[in-house]
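Quick setup: one chain, the form predicted on its own, written in C-alpha cells, and binding and motion questions come after.
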C-alpha cells in the first residue's frame, strides 16, 4: 500500500446512497480529448460488466439501503446486455444511464420508454455534449458528433423521455450565464419545453491531462480544508463504483490502483484517504455526478 502523507484527510461512508456501475468498462465508440478515464474504442483497462456479474451487487446494495444506480462507461449502450441490466436494476432503485447519445436510435428509445413505463422506479438519461455548435463540440468529441448527439437527444424526446444534457466546462464560456442560455436555446429548438442542463468541471487526469496538463503539486487536500460538515459534501461519502475488477471508491478514480477498495461492497465501507489531486477538484468545485 502507498504511504499516506500526514495531514491527508479521510472520508467515511455515511451511507451507500449511490452505486455506480462501469458497465462498459473503458470501452467507448468515441475518444474524447477530455475523458478522465481515457475511454476509447481500444482502451480495455476495464471490460464490460455482464448481467451475471452485476446481479450480486444489486442484491448486496439493496441490503445496504441503496437509493439509486448510475450506469456509465465508456459508452453503456455498447454493452449488449445494457437493457437487460436495467430491467433487473429498476425493481431495486431508480437508475440513470450516462451516454454519449450516438447509439440512441428510434427503436432503442422506444424500448427504453416502454422499460421506463413498466418500471417500479424512475429511469433517467444523461447525454454528454461539450459545445452548443459543431465548432466547439466536435474538436472535443470527434468530427460529426454534434449532429449525431442531437439526433439521439431528439429520438429520446420523441419517445417521451427528457434527458439531462451534461456539459463540461472545457470552455470557459460554457459555464457562463450566456453559455448556459445558448445550450438552453439549442434544446428548446429540439422541442424540449423544459430543458435540463448539468455543468461539470473537467478533471485533469486521463486524456485531459494530456490535452491541457496535469494537476499542480499544491492541488491536494489537507485536514485543514474541511468544511464545517467535514467531507460529507463529497460524493465518495455516499457512493461506490463497481467495475469488472471490483469495487472502487468513486467514478473518478477507477484508473488509480489506490482507488480500489475491495471485491464486495461489504469490503468498501471503511474511510478512504483523499490523497489524489482529483479529490481537490471535487472539493473546490462541489462536484457531484448526481442531479
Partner chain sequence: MSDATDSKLTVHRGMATWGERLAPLEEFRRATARVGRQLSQAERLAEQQRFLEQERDTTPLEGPYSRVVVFGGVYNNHLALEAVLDAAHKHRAEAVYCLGDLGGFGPSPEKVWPLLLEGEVRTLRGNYEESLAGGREDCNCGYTDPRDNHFATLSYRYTAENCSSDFKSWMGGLPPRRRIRVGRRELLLVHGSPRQINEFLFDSTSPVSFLEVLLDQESCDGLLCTHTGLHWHRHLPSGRDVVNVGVIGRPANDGQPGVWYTLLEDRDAELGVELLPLEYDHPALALEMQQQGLPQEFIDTLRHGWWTTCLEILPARERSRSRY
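Quantities reported herein were computed from a predicted structural model and do not represent experimental measurements. Positions refer to the first chain, counted from 1.
What comes next is about the form predicted together with its partner chain, which does not appear here.
- This chain lacks the partner; the member of 109, 186, 86, 92 within 4.5 angstroms of its partner chain in the predicted bound form by a non-hydrogen atom is 92.
- In terms of contact with its partner chain in the predicted bound form, the residue from 150, 123, 127, 157 that brings a heavy atom within 4.5 Å is 123.
- Note that among 217-225, 203-211, 73-81, 128-136, the stretch whose heavy atoms approach its partner chain to within 4.5 Å in the predicted bound form is 203-211.
- None of the heavy atoms of residue 230 is located within 4.5 Å of its partner chain in the predicted bound form.
- Remark: residue 250 does not count among the residues lining its partner chain in the predicted bound form, judged by a heavy atom distance of 4.5 Å or less.
- For the chain shown alone, residue 49 is not a contact residue for its partner chain in the predicted bound form, no non-hydrogen atom being within 4.5 angstroms.
- Proximity of residue 261 to its partner chain in the predicted bound form falls within the 4.5 Å heavy atom cutoff.
- Residues 60, 62, 63, 64, 65, 66, 67 of 52-75 are found to place at least one heavy atom within 4.5 Å of its partner chain in the predicted bound form.
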